[in-house]
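Single chain ahead, by itself, as structure tokens, in the form predicted on its own.
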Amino acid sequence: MVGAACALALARRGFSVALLEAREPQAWHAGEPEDLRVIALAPSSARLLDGLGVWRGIEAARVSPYAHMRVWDAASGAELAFDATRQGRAQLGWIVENKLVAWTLWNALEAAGVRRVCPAQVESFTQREDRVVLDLAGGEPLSAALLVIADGAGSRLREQAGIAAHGRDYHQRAVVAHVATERAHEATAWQRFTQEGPIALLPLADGRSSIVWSLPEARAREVLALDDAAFCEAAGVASDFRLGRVTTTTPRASFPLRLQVAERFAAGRCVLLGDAAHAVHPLAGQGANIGLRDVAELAGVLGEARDAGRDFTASHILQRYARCRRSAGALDARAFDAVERMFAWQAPGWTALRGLGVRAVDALGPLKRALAAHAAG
């Protein structure tokens, strides 16, 4: 999704772009059930997609706007509430299927002049003085002035560019499912921090909620092995039955959680963006939004340089992007990591202090507005 958005953004700025993709994204159809993998798109992401000419189609297809967010601590009972009207907006964001965004972007690429090379696998690449030359499996070499690396958290191309990444394994998995509940979701994103990890219930367009439940790996395996009735009961307990009992569920899936930030976001004629540059804990639902902010910054920096007749691949141009986005990305990643650590500590004295802190933040209007503005981009 982030790589396709970047290709489209650069093409809209007049660059000649080729997108290398291992496989075509899954087609999205309105009659199919909602995809398990959903993202919480912030207003900044919606603005970017609107500027690329794809947001209206996504919004008309199937999205779920949410106007409220409720976050609470199981141990202390302290709660933090955000409301869009107090931020001067109609909504805080939108819950959207990842597959819908990816498919919409994919279909917009060809009309924008992007050369889609698919299926494609980069075996290796060489940086020369005036270009990057990529060796493709079973195909002719491809050369370009700049290589944008957006191949995910386990990026092979980042390693080939000689860029290290550091972080930590949370030894957790996020269990995801779509569930029906006794009470309506009220266009609200709900999140409870438990001793095992946070559980979020995100509003879906059909009235159900998407569960994202972060658990230690062993406990995640146990939860995944439960039958539907037992899973519904466990999810209801974990969410404090805030939406009543969980009545039905889809099959479950899970993915591992890790904190990771690249040492550099640029090296020679290569730049990183998206999960290749930074992978964050999903507790704040900001991973995709941070990646799309990378896209906006890179397209802006390269476009301004090109429009001014400067070499857009010059080191100082690429470093301008790299410094800006690494600073912001690392700050977000470390902040989410700090929140995860803070709620993981369960000592009685710390729990009481944490509860006081959460209540204080909830009472401080200017601080809440600043947090909401940052999340909105």
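Counting begins at 1, following the sequence as shown. Computed from a predicted structure; not experimentally measured.
The discussion below concerns the form predicted together with a small molecule, not included here.
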Answer range among 227-235, 73-81, 241-249, 174-182 for contact with the small molecule, defined in the predicted complex as heavy atoms within 4.5 Å:
174-182
Taking the small molecule in the predicted complex as the reference, which of 322, 39, 46, 333 has a non-hydrogen atom within 4.5 Å?
39
Does every residue of 3, 150 and 286 put a non-hydrogen atom within 4.5 angstroms of the small molecule in the predicted complex?
yes
Heavy atom to heavy atom, is residue 93 within 4.5 Å of the small molecule in the predicted complex?
no
Using heavy atoms and a 4.5 Å limit, would one call residue 189 a contact residue for the small molecule in the predicted complex?
no
Heavy atom to heavy atom, is residue 11 within 4.5 Å of the small molecule in the predicted complex?
no
Residue contact check: residue 362 to the small molecule in the predicted complex, 4.5 Å heavy atom
no
